[in-house]
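Next comes just one chain, in structure tokens: the form predicted on its own.
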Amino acid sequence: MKRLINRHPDNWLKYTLGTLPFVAVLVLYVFASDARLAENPKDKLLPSLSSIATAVDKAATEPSKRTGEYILWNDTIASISRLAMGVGAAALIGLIFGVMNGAIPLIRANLSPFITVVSLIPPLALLPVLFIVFGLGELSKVVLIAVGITPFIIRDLQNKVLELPRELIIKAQTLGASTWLLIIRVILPQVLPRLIDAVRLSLGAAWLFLIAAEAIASTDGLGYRIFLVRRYMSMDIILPYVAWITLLAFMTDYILRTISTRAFPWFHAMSK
């Protein structure tokens, strides 16, 4: 008899098993919502799927009477723009300092302790400081995302550089490669797929920092909208917004994974 640890599902079974938890949660929600609404038709905690669909349709297809904007799409564009700028800045800074720290011992001795200490500071604790220094505009939100995830990316890439075979570095130097040529031609190609993985792993934290900043000081954005309507217990808006954020995060992760797979097939072949 084949042991359970050695049994692998085929594609059909894999997708079926992956779908079951989502179906179970949806069915459980429908039953709980029906039960609460049967006791109190005005209950707001678990709105029916029809009322959620109505609220989403209104937010997505009807312009706001106050601003004339389509609320869902305006909030989405605002949040995605901030997230892209923050994560992009973090990726660039993380790549530069991660490679430098890993490749050059003098820089590592100088900056690595400082980056380690900075990575231990709770980013949300710095939010008031960022608002004071950078104001309540877009810059403070972008900086919060960058501050929150950059130390993680730097440390991850630094470790990746340090894991490269020492023989590879020695051979490149034997063939006459200078420090900068070695970094560009040998280290950087090895590190780029790891950079994408590091960004993927940091997306959850980036969304957390974004929503926190939007909830405190913003006039648009997905986080702003969720905290705006919570005072009215508008779960028919909050729940689909949370689901929409989750879907956006999943799509972003999927796009990054696809880019990494197609651009660096050798890296994923080694990981199998």
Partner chain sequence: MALIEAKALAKSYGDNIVLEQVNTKVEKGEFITIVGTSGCGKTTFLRMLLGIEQPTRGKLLLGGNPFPDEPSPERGIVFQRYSVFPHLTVLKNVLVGLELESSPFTGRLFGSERGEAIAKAKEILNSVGLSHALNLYPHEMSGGMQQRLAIAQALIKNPKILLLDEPFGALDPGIRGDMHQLILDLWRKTGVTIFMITHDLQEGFYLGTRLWVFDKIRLDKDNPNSYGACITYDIPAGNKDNNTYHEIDDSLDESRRVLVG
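Computed from a prediction, not measured in an experiment: that's the story for all the values here. Positions refer to the first chain, counted from 1.
If you look for the form predicted in complex with the partner chain, you will not find it shown, but the lines that follow are about it.
For a residue to qualify, one of its non-hydrogen atoms must sit within 4.5 Å of the partner chain in the model of the complex; none of V118, P122 and P128 qualifies. Screening 198-206, 154-162, 173-181, 141-149 for residues having heavy atoms within 4.5 Å of the partner chain in the model of the complex returns a single hit, 173-181. Contact annotation for V186: at least one heavy atom lies within 4.5 Å of the partner chain in the model of the complex.
Contact check for I93: every heavy atom lies farther than 4.5 Å from the partner chain in the model of the complex.
Within 4.5 Å of some heavy atom of the partner chain in the model of the complex lies at least one heavy atom of L168.
Looking at Q190, you'd find a heavy atom of it within 4.5 angstroms of the partner chain in the model of the complex.
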